[in-house]
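Presented below, as structure tokens, is a lone chain in the form predicted alone.
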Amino acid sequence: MNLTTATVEAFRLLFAFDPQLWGVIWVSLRVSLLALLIAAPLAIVLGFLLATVPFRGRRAAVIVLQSFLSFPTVVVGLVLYVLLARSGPLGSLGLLYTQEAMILGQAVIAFPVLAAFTLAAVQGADRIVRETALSLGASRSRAAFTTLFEVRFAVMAGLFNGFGRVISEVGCAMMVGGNIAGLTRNIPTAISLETAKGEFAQGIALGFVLIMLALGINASLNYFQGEGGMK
């Protein structure tokens, strides 16, 4: 199948709502969004605490967090595989080769991204905002929410970047998900498999979906940040 034919077939599959193709897309969206939902609250809290609470070893903690930003996703998958394998300490849970394992892996991958963006955003925020809230009698938690609201667009950028990172990663998803058709096969693993088989139509269709998701993420971020005013 030549490139032109494969491209035409790819769009036919997309717009005909091919159940196999859209099943793969649904798995990707479900897993990635649930991973973000799990990782975001703890990551945002950690980022805020690292930015505002002085403690011994804080610099080392920040360095470790930033190092995890470039941590290979396949290594995350390897660690989780060892933990979740039948002979591993968590093997009795039966999570290996399930969507739950993929969600766990992607939550781990997204966590440092969300925490680092929050850390940078809060560090760059005007300290007067938090200090004023505290001086007016606000509780520490209320002052924290006030600060986070002031930097909400930077935190939102972290969420969008975290989503982009996890929905396109293949190493961890392949290792803990197993690329099982109809269950754990997501967009990146399906692209890898179909291309290896010479089935370029599905690979092109799924690649197009990833490109549109990337464009949608950036367009949404610009809109929410008010930068979409270029008319």
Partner chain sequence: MRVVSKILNATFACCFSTLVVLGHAQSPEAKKPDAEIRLATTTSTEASGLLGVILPLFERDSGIRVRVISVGTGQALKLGERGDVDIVLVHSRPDEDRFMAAGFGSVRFDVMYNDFIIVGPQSDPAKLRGLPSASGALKAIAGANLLSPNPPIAKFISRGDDSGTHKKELALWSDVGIVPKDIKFKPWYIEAGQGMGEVLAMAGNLQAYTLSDRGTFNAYKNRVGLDAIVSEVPGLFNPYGIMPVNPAKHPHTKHEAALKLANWVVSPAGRAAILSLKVDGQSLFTPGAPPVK
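Quick caveat: nothing in here was measured; it's all calculated off a predicted structure. Residue numbers count along the first chain shown, from 1.
Although it is not shown, the form predicted together with the partner chain is what the next lines describe.
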**Prompt:** With the partner absent here, would Leu33, Leu90 and Ala101 each sit within 4.5 Å of the partner chain in the predicted complex, counting heavy atoms only?
**Reply:** no
**Request:** Using the partner position in the predicted complex, report whether Gln66 sits within 4.5 Å of the partner chain, counting heavy atoms only.
**Result:** no
**Prompt:** So, in the predicted complex, is Arg185 in contact with the partner chain at a 4.5 angstroms heavy atom limit?
**Reply:** yes
**Request:** Give a yes or no for Leu96: in the predicted complex, does one of its heavy atoms lie within 4.5 Å of a heavy atom belonging to the partner chain?
**Result:** yes
**Request:** Using a 4.5 Å heavy atom cut-off, state whether Gly198 contacts the partner chain in the predicted complex.
**Result:** yes
**Request:** Answer with one of Leu29, Leu37, Ala181, Val45: the residue that has a non-hydrogen atom within 4.5 Å of the partner chain in the predicted complex.
**Result:** Ala181
**Asked** Which residue, Ala85, Met156, Ala138, Val75, has a heavy atom that falls within 4.5 Å of the partner chain in the predicted complex?
**Response** Ala85
**Message:** Partner absent here, but in the predicted complex, which of 116-124, 102-110, 147-155, 77-85 has residues with a heavy atom within 4.5 Å of the partner chain?
**Reply:** 77-85
